[in-house]
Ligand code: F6P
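Take a look at this one chain, the form predicted alone, written out in structure tokens.
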């Protein structure tokens, strides 16, 4: 059997560990051949391939990014895109496809499965917002990077008596902000799930200064004030209809300075959260996902996705995994509110 592998969407620490595990088990145990598709769904659309064998995956475990490249190509937005994928898979002798990605990538995989393509999914998202799995790899690395940044900013904030704002990833879900903010001792955490009152934020800022401490505010890129929509970097949309978010940190800094008279500065972590070496937990999870994904291929469990439930890896339908986003429960956010101000 020849198995195709692709990585779609934003890059993420742990992607290479998944690829490595798939090949390291699939070649000696099942005797499969592997073909990597370049640049997400663009690979099978244009027959862009990369050989994958055991020598090709050596040394990948600690390496960030993805050796296969990635993109946000949407084959359903391209004329005859689906048919091109089916034709190319057939011409290349690919019997099954493992798609590693988030909501958009796995959404395409779900539709391909519905029209008869043999697909298995592996969940990947920095934001940890895929339903059906407790955690996705890459999330732990992003949280640790954000936490380290917050740790470093505490001393600067106190030295200059400034309000420092840390803008982190999180389009619709505030998992990174919540985890990193709590772990880093942030004084205010703002997430997309709970609209915030800028007047209350400024009261918390002033209360912190009255104690002779400078506040640290962690905000998700998709967080929204009560009286306005999310802040857009541009009005342009990608192939899946997503606008580019960004700028909420700078907006907050301006409002805080105008309302409190205190200096405020913003640090936008952006792609720094995606880069570098994956944490031990992300290597562990990504490796297990890869091992179970190739087992699913061998068992013919098409249209299924690997998922972490507790400490067990299970298989769930792709349709279930992409049905809705996993967002922060208000009860979890209320735990963090104890430390605000």
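Quick caveat, the model's predicted, so the values are computed rather than measured. Numbering follows the first chain given and starts at 1.
Separately, the form predicted in complex with the ligand exists; it is not shown, and the next lines address it.
Colleague: Would you kindly say which of 86, 265, 203, 171 lies with a heavy atom within 4.5 Å of the ligand in the model of the complex?
Modeller: It is 171.
Colleague: Could you work out which of 126, 223, 98, 189 is the residue within 4.5 angstroms of the ligand in the model of the complex, going by heavy atoms?
Modeller: Exactly one listed residue reaches within 4.5 Å, namely 126.
Colleague: Evaluate residue 228 for contact with the ligand in the model of the complex, applying a 4.5 angstroms cut-off between non-hydrogen atoms, and reply yes or no.
Modeller: Contact with the ligand, no.
Colleague: Is residue 195 a contact residue for the ligand in the model of the complex, using a 4.5 Å heavy atom cut-off?
Modeller: Contact check for residue 195: no, nothing within 4.5 Å of the ligand in the model of the complex.
Colleague: Hey, in the model of the complex, does residue 274 get a heavy atom within 4.5 angstroms of the ligand?
Modeller: Residue 274 belongs to the contact set for the ligand.
Colleague: Spell out, yes or no, whether the shortest heavy atom distance between residue 154 and the ligand in the model of the complex is within 4.5 Å.
Modeller: So residue 154 does not count as contacting the ligand.
Colleague: Just one of 113 to 121, 204 to 212, 90 to 98, 266 to 274 has residues with a heavy atom within 4.5 Å of the ligand in the model of the complex, so point it out.
Modeller: One stretch meets the cut-off, namely 266 to 274.
Colleague: Taking the ligand in the model of the complex, which residues of 62 to 97 have any heavy atom within 4.5 Å of it?
Modeller: The stretch touches the partner through 72 alone.
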